[in-house]
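Form predicted on its own, single chain, as structure tokens, below.
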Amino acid sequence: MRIILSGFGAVGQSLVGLLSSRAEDLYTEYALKPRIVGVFDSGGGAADPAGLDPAAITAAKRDAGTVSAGLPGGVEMIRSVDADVLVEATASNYADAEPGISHITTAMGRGMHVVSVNKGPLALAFPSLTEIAAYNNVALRFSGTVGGGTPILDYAKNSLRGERITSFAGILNGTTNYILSSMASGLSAGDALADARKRGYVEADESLDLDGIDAAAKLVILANWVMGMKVTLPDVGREGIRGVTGDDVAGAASRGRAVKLVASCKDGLKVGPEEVPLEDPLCVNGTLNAISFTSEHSGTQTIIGRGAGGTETASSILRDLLDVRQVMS
């Protein structure tokens, strides 16, 4: 399997390390022999049809801040390098989804399968991207966009196969969950945010977390994939946590509840602060994510796990690559 890797931050580097460390058993168990034939970041790209040396590109990124070997990256590389799969791991952009959406559509136009952990294109153009994938007879996979390494999308689609999911609600942003958990432990909103920043939990653009944009993007992906809806980010009613006060959190605690930023698909799509009973499985603390699916016959089931991290997200990419491998065979 020849792979072009778009983006070489924490996730891209973790993926290269994971594929390298598991090379032998991936071939033995799954007949998967992945080769990174092209990689690029904001500084440019490197390519080799025989496969790039994982150690060399990782060292280049560490020492020079870029994987560039003087080749153009982006759409130019996707158009010029022959590959089977594009792994799209550039940063999410919720304004116009660029450059990720151009990477994805260009790859699919060339007949490449796509694995994306970039939420921007899916949040803004999920229905059209799935149509383009179908038209070009390629797979589009994105399990790492929701839940990181926790297989939320796979669980809903496969473990509940045959069921009709009627609604779902989840805590889909670990940063806001950490902040609200810290406030429940007595920190002020400002101190909780500062602590989350210090720990590296907050996005460079903090509005993605605090204003519920990240959670809304994940909600859109879930609604399309799980419920068969055709929605995009503007279809979500959204409120973040900036207005949540210490009094709100204390008041909820006095009622045996906790304030959480909940993303829900029930009578519409909504993200906003809600009081969740402490005994509810959805009431997780720290950076954990949780989502409860309510089905017509099997009731409500909850899946809980870590929602982010380079290694965790890389593991989701590997799951998707194995899925693509089956499609290719």
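The first residue of the shown sequence is 1; numbering continues from there. The model shown is predicted, which means the values in this text are computed figures rather than measured ones.
If you look for the form predicted in complex with another copy of the chain, you will not find it shown, but the lines that follow are about it.
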* Mind checking whether each of 127, 138 and 269 has a heavy atom within 4.5 Å of another copy of the chain in the predicted bound form? -> no
* Asked: Does residue 288 make contact with another copy of the chain in the predicted bound form, using a 4.5 Å heavy atom cut-off?
  -> yes
* Hey, in the predicted bound form, does residue 163 get a heavy atom within 4.5 angstroms of another copy of the chain? -> yes
* For residue 62, is any heavy atom within 4.5 Å of another copy of the chain in the predicted bound form, or not? -> no
* To do: Mark residue 301 yes when one of its heavy atoms lies within 4.5 Å of a heavy atom of another copy of the chain in the predicted bound form, and no otherwise.
  => yes
* Work out which of the listed stretches, 198-206, 150-158, 111-119, 77-85, brings a heavy atom within 4.5 angstroms of another copy of the chain in the predicted bound form. => 150-158
* Any residue of 243-268 with a heavy atom within 4.5 Å of another copy of the chain in the predicted bound form counts; write them all down in order. => none
